[in-house]
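Single chain ahead, written as structure tokens, the form predicted on its own.
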Amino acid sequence: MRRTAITLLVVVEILPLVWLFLSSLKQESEFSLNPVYALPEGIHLQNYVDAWTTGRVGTYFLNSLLVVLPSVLLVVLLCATAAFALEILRWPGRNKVLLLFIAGILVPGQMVLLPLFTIYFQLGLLNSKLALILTYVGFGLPLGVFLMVGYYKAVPREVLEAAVVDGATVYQAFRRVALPMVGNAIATVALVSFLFIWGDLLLALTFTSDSGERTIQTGLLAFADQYGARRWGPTFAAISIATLPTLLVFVILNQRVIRGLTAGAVKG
């Protein structure tokens, strides 16, 4: 029964992706002459060429990379250091600061759109990658710090104390002892941050209107409407291109995330 349920779940999750990829290989006439579930009559890679060049998906893809990579790097770096200071170090008021981070998880993103838009407008940051990076880092910190604090709880204090006794500074204990022990937590935060930022539409649509600064998700909206009559082949190809990085990142980090969650559950 369990295997049947898992098999059914896998089919439900994978089948739309397979259908999306196969549809991106069809010629335009096949969408009107054949059923939607029909296999492509051939491999029509021109759809990807049209999507990448004519549809400017290549530009949108590069913009997303230039926003996602520094944002994820900053989120991981800041969350790892902040969580270490909040959980491992002892200083007055640290519990209150942790509560502030946790409270940030409860703030709906829609509430801060107008204030952020006003601030970025006054600073001249609208239609810039910096505005998106700052926003994504701010939105990623509360959940990332909360997750990292939970992992740091499982780090044996004896190991850190032994490192300090041997002459290591706080920074050395963090970089050489604590950080390697929470590698799976870093992978988890990186994966969650990447999936959120890469798939974001609302924030990117709010802070960027220039076609040269659009990310892949906002670019797909413009691409789908630029032909007047919808061209399904290039549209499915563009969506496939946008989906590929999330699949690759998930496949690469999936096992580390599962091991980290399992270890966290066992260690309580």
Partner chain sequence: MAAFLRDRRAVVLLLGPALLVYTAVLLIPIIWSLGYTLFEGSILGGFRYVGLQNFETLAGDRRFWDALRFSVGYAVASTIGQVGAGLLLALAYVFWLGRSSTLVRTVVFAPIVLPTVAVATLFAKLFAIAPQYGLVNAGLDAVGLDGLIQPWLGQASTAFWVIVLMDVWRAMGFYAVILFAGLVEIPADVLDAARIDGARRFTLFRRVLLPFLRPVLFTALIFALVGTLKVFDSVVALTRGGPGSATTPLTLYMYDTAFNFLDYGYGSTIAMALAVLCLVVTLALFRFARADVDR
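Positions refer to the first chain, counted from 1. These numbers were taken from a predicted model, which means no experiment stands behind them. Definition used throughout: the rigid core is the maximal C-alpha set that superposes within 1.5 Å between two forms.
FYI, the form predicted in complex with its partner chain isn't displayed, but the following is about it.
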property	result
Exercise: residue 243 in contact with its partner chain in the predicted complex, heavy atom 4.5 Å	yes
Contact test in the predicted complex: residue 181 vs its partner chain, heavy atoms, 4.5 Å	no
Residue contact check: residue 124 to its partner chain in the predicted complex, 4.5 Å heavy atom	no
is_contact(residue 85, its partner chain) in the predicted complex, heavy atom dist at most 4.5 Å	yes
Heavy atom within 4.5 Å of its partner chain in the predicted complex - qualifying residues of 230-254	230, 232, 235, 236, 239, 242, 243, 246, 247, 250, 254
Core fit, then residue 65 C-alpha moves 2 Å or more between this form and the one not shown	no
Core superposition between this form and the one not shown, C-alpha change of residue 25 at least 2 Å	no
Per-residue C-alpha change between this form and the one not shown, residue 211, threshold 2 Å, rigid core fit	no
